[in-house]
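What follows is one chain in structure tokens, specifically the form predicted alone.
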Amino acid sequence: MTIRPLNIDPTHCFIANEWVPALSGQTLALKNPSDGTTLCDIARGNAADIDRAVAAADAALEGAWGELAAFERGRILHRIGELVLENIDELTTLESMDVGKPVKQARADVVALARYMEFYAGAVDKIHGATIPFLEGYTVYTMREPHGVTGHIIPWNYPMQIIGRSVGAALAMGNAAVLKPAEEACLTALAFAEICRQAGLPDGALNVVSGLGAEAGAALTAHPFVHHISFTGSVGVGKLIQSTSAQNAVPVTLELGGKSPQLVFDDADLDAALPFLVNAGIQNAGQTCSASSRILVQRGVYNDVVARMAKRYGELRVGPAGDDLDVGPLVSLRQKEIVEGFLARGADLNKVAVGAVAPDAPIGGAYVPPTLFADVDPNHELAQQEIFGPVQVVIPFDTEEDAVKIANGTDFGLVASIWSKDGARQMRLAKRLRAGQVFINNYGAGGGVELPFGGVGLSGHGREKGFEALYGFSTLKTVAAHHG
């Protein structure tokens, strides 16, 4: 499969602005989640290919990339954003096929990638140091410098968006990046690399090695010349990466799972809330770390909210990505098995609504109909564990204190939302909810490129997006000059 007009071959890795086969000569089959067929083969990179990529990144830091002024980096990033939009149709098709997203959702991801590049292009020369009052005869100041070679391991659910917020921020700060995309969905990562080359990004500033996590990913996290790791993915793999990186005393940004609640109070505007209550749970077939999989509703409006959500669930349609319905397939048959296992273990719960899979959906596709449960015990597995599928549970509560206890009653802490017209309640709960982001009378804020994103507990640590990401992809140096 040759991707045109970007003209890349996914059986190759991208190292030092060149398309090169994996040194082993091996490839992996990339499956289409809509029908189970093989889309194409991708390179099966391993530790030897990671070595080449890290060496290319290190050379870039010592060469043309490392010599660029900040505003010159910004111009390249801006051009990358322009080329992303110029190739929006192709990138949309690739992401939709590869991940299984409805076309409109994939297109929104392309726009988000361009927006990340625009944001970081404008921010590169606005990260300043500070002067510090000190002893007489001293001038002390701080400055931010790149870590050096940064490693990026991204998941299959939002390849373009996570490239933007991770790789975009790293490049903005002058790091040289080695990217290992998920083996289930890596086509837009490879296409992005070609766009960077066409935009004039110097050799080695970005390198992409596809392959298995246990091979290429493990080699990247353990590499002695990688100076920072950014990982988005599962809790288990995140713990393993942090343990491995600790052997080299390398800092790690972990963006892991979530079990994010929306709290709906009696005084909420239900007409405004309903689209957010449902869409935040079923977008990308629920395969979103910040998906709102728990809906907590005060008893005064509980029955009304359940009825409204059930009606919307009954209208949802599931089918192939190209059909651009409400929900597409899960990324793989393996993910389908995982989600169906959760549903089987929740068979005794009050299932109030199920969406419909299109009758002409291919038999080999990874389809799971969106499912809504009501009256769920907050301690039940479906209310505690990240399902990563189109499944939501609705939980009643009585008082504000109850709502906080239930909302904070999981090991995760990524996103939360408050639906209430009471301004004092909004402020109280925003402080008390255990989450990296809290939204009031909305959820997600349109993607929020500018808004720091990350979690607490098993949702990880470190922050992506906004200026906080730039601080994370840099190290602070203090200079103390004694001049008498």
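These numbers were taken from a predicted model, which means no experiment stands behind them. Throughout, we count residues from 1 along the sequence that is shown.
Just so it is clear, the following notes concern the form predicted together with a small molecule, a form of the same protein that is not shown.
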Practice task
With the small molecule left out here, work out from 111-119, 376-384, 216-224, 167-175 which stretch has heavy atoms within 4.5 Å of it in the predicted bound form.
Solution key: 216-224
Completion exercise
If we test each of 192, 158, 231, 412 for a heavy atom within 4.5 Å of the small molecule in the predicted bound form, the one that passes is 231
Handout entry: Listed residue that, although the small molecule is not shown, lies within 4.5 Å of it in the predicted bound form (heavy atoms), from 182, 349, 83, 406
Key = 182
Problem - residue 368, heavy atom within 4.5 angstroms of the small molecule in the predicted bound form - result: no
Practice task
Indicate whether the small molecule has at least one heavy atom within 4.5 Å of a heavy atom of residue 334 in the predicted bound form.
Solution key: yes
Problem - Close approach of residue 103 to the small molecule in the predicted bound form, 4.5 Å, heavy atom - result: no
Exercise for the section: Indicate whether the small molecule has at least one heavy atom within 4.5 Å of a heavy atom of residue 237 in the predicted bound form. Expected result: yes
